[in-house]
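Heads up, what comes next is one protein chain in two forms, each shown on its own as structure tokens, labelled structure 1 and structure 2.
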Structure 1
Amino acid sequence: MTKILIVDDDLALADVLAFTLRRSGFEVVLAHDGREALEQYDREHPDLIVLDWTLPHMDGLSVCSKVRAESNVPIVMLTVRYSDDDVVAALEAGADEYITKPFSPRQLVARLQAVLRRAIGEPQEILSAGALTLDVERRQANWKGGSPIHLTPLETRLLQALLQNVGHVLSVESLIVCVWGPEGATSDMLKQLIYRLRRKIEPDPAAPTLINTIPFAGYVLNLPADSP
């Protein structure tokens, strides 16, 4: 879960902020002055910092510079100071976003998410059905709670096609196109590939429950029953 460090000496505001962010699905840690902010940063390694400007012990701008000197973590300034000089100074000190109080909670969350989108990068594309997930990029299948299963390129494309059509029967021809492309391949090759994939991901490869054969039609991926 994405962890956010909130730094504000106004306890009431910090609480409201924490509540808002937690409700949006973030994990929140708090600090109420500059020194504590740096300590918390070192201890918690948050994914983003929301920083007030006026703080006891060390002002927000200094905190921003110090953090930036050793890390690239996104920093959002949230303060009552609204002059051009302040905004520019903060951004040049390495802040990623500058929001003035009072703020709209909805907008704040949207802006944080925009910053995070850039900083963390795109989340990897992961397909899933029930307890089974597939990381296409890494070519890994995963049973919830199990160890990752390495797949070959062809196996990955096959499972990908099946996952994208959970519960729908895919014909041999369409599967061949999905896996080998328009050039095609023989149905024996698909047969073999299905066999190999089953041995890797079926709980009991001898009695397939996941990839079902529909005779004279094709194959279908059943949604595994053990769901959260």
Structure 2
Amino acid sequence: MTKILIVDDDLALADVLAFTLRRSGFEVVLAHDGREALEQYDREHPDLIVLDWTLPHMDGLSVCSKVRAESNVPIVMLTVRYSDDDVVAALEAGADEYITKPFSPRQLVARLQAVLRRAIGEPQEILSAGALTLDVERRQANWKGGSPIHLTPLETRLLQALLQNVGHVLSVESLIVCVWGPEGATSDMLKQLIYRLRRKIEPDPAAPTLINTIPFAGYVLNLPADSP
């Protein structure tokens, strides 16, 4: 049975989440502060973590970063915070999905199932084009002769889609499906993810030359042989 760790200091909401997920066939483990979350993670080895941002003792972003440093377990941030800066910070810390409160229980279950499907079905492969290589399993990109560039799971899936279609424009909708699955995400979330990936692989993120925005069409990855 798939085990989900719910981390939220709102005890009533945590109980509602636990009831919803158990009714959908999941095993549920609860934690109500950041330190307890890490203890439960080490003890229970959950298949997925649903993580609030504002927690006693250690905030959810710090918990996310610590877990991501040692594991690829899917992490879903479930929070009242909704600004672009919050989404960027969560993606940078390694979150796989970002859901704001209030939420629909049915939609939450569907999105958690989508995250789990992506984690199970993620292909283990190495892709390359020009001087850029992506190790999907390790979540590392490399420019020929350079140091490894560590990516989050979402950044890995985005770069994977772009590398598999070098020189071809991918629509916003198709990229969202490639990265988040058929349940999707918003165009703003994709824009923020593009921004994060540019910061890691572009020679000058302020003037990107590799990941190009095509107005009213989407994005395209262009890789000259001697990039970057």
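These numbers were taken from a predicted model, which means no experiment stands behind them. Think of the rigid core as the biggest set of C-alphas that the two forms share within 1.5 Å after superposition. Structure 1 provides the reference sequence; residues are numbered from 1 along it.
Legend: structure 1 corresponds to the form predicted in complex with a further copy of the same chain, while structure 2 does not. After superposition on the rigid core, displacement of the C-alpha of T156 between structures 1 and 2 amounts to 2 Å or more. Once both forms are overlaid on the rigid core, the distance between the two CA positions of E202 between structures 1 and 2 is 2 angstroms or more.
Once the cores line up, the CA of V136 ends up 2 angstroms or more apart between structures 1 and 2. For L190, the CA shift between structures 1 and 2 after superposing the rigid core equals 55.4 Å.
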